[in-house]
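Next up: a single chain in structure tokens, the form predicted alone.
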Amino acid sequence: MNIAIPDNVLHAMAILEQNGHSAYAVGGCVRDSLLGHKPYDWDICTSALTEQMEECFADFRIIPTGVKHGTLTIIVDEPLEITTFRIDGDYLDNRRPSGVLFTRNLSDDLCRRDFTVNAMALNSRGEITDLYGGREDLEAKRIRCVGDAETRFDEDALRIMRALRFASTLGFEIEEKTASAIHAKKHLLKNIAAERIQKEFTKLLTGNCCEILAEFSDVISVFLPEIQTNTDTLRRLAASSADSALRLAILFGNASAQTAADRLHALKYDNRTINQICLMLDSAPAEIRTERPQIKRLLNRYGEEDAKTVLAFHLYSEKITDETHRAATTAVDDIIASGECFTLSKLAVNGRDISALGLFPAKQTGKVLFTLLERVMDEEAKNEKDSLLLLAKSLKY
């Protein structure tokens, strides 16, 4: 398979080679290219030290992103990370090496990498160096550690989550020895920053995650003990769209919104995601009806963006039928498209209009407005200024 290397990457590699250094595209870009996917970015490794890179790219903008680890970012049309071949020192915290040694040998660099599918290098002529059977594992759809799996996870326990994430998003299986090491070393995840675990787990949920969640439920329970991975829950999850917030809500099952919020805060999820999941868990199937007034009330409570998510949650939780979901979703789309009123901001009168009537204390203005909104949503009043002001005059509190 011929891999199309971007022009700026070839240009950077050519500059290094013209100055007597070797250069390779490495890691995920090679893996994704062989899978027929467009790489998210292209990383280059080289025999050149950082000071030699600076000489080679003296005419380019250089960002010293990780000099002590041999990494510079060079702007060649767009940012390219270029890193010196290296040997990692001892890992003392199950995450990062205590130091690195630089080397001129590509093989030294590849042997320290996590998985065989990420340990391939591509030169400017399109030739692949594959010392650990990465291409064979790609063809077999298999995630396998480079070398001894337990050693790899002892070095960096985040690799446990990366293995699960790759297996899910690529639809691969995890090789037996690698899987055994994941179970054996799961406790090391306690040494990993919560936000790093969260990012990998969120990506995992967007893939073919059900088999991974079932097989490695003991691993997931290290950082998310409250979620359910029983057969019924995973069946519902498999039917759902690959939205991480929706899938998390399904996994929390009958847990309270407060329980979910506490756990998600601990994992450093953003407030928007936490609020969205709590809305789903707090919502009740009884709210889901297909009459237009009820749909407007649903939109009023949850907003345009979250109303459909709540509908999907109850569908995949098997609390409403496909027919109800379709009818409610169609009504949501129609109400939004037609610009019908379901929020105070869409109401034809505002607080100043109510105050100008001189009939209500200032503290009752909001109550009057919401009463008018309810009448409009229930289609008992038209959303027209004159008729709403007339209706307001008839209200008694």
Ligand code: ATP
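In this text the structure is predicted, and so the values were computed from the model without any measurement. When you see a residue number, it is the position in the sequence shown, counting from 1.
There is another form of this protein, the form predicted together with this ligand, and it is not shown here; the text below is about that form.
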Give me the residue from Lys296, Arg236, Arg142, Arg165 that has a heavy atom within 4.5 Å of this ligand in the model of the complex. Arg165
Tell me, out of Arg112, Arg301, Arg289, Arg326, which residue has a non-hydrogen atom within 4.5 angstroms of this ligand in the model of the complex. Arg112
Does any heavy atom of Asp43 come within 4.5 Å of a heavy atom of this ligand in the model of the complex? yes
Is Gly27 close enough to this ligand in the model of the complex to count, meaning some heavy atom within 4.5 Å? yes
Hey, in the model of the complex, is Asp156 touching this ligand, heavy atoms inside 4.5 Å? yes
Using heavy atoms and a 4.5 Å limit, would one call Lys203 a contact residue for this ligand in the model of the complex? yes
Heavy atoms within 4.5 Å of this ligand in the model of the complex: which stretch among 302-310, 177-185, 157-165, 267-275? 157-165
